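What follows is one chain in structure tokens, specifically the form predicted alone.
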């Protein structure tokens, strides 16, 4: 890992704990173990760090979703793959994911526009998976936006639960998430 990557990772942890606005360049430098002026050899600003963090994780989700949606698998299998994507990224990038929900509002200009486009594309593809399952009779016919919101909320906040439960067996986590989210949409169909 190079110095810039170390700065980004430690800043993500700091932003998650203290919030972006409450974290200073001096705080970031301290977490990396360098003087604040030395940070500018690697990055331009605190905003650049946030942009890198949020755009990278948004691209990870969007690229993963695009790859999943290229398949002609059944909607329940696609939903399991989306759950896997969230679990994998939650495990690998817990701090970065922790910033998605609230800190994106601190993005400005082109970075904000790009982030919102990535998020909207991701949500649109997610909605298409749920609609596919409903149209093909694999999922219960529920209110589509409520179903999307409920499922996404569970997946988006998984990082908060996982941070305190990292000792849970990953296979058990996947299985339980499938049961909660996939079986909840499929069981009890007429």
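As the structure is a computational prediction, the values presented were derived from the model and not from experiment. Numbering follows the first chain given and starts at 1.
There is also a form predicted together with another copy of the chain; it is not shown, and the following applies to it.
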Study note, to complete from the structure: With a 4.5 Å heavy atom cut-off to another copy of the chain in the predicted complex, the contacting stretch among 125-133, 152-160, 32-40, 59-67 is 152-160
**Study point:** 9, 45 and 84 all contacting another copy of the chain in the predicted complex, non-hydrogen atom within 4.5 Å
**Key:** no
Exercise for review: Indicate whether residue 55 is a 4.5 Å heavy atom neighbour of another copy of the chain in the predicted complex.
Suggested key: no
Review point. Might residue 102 be said to contact another copy of the chain in the predicted complex, defining contact as any heavy atom within 4.5 Å?
Key: yes
Review point. Is residue 171 close to another copy of the chain in the predicted complex, meaning a heavy atom pair under 4.5 Å apart or at it?
Key: no
Check your understanding: Can residue 179 be called a contact residue for another copy of the chain in the predicted complex at 4.5 Å between heavy atoms?
Key -> yes
Exercise for review: Check each residue of 26-61 against another copy of the chain in the predicted complex and list those with a heavy atom within 4.5 Å, in sequence order.
Suggested key: none
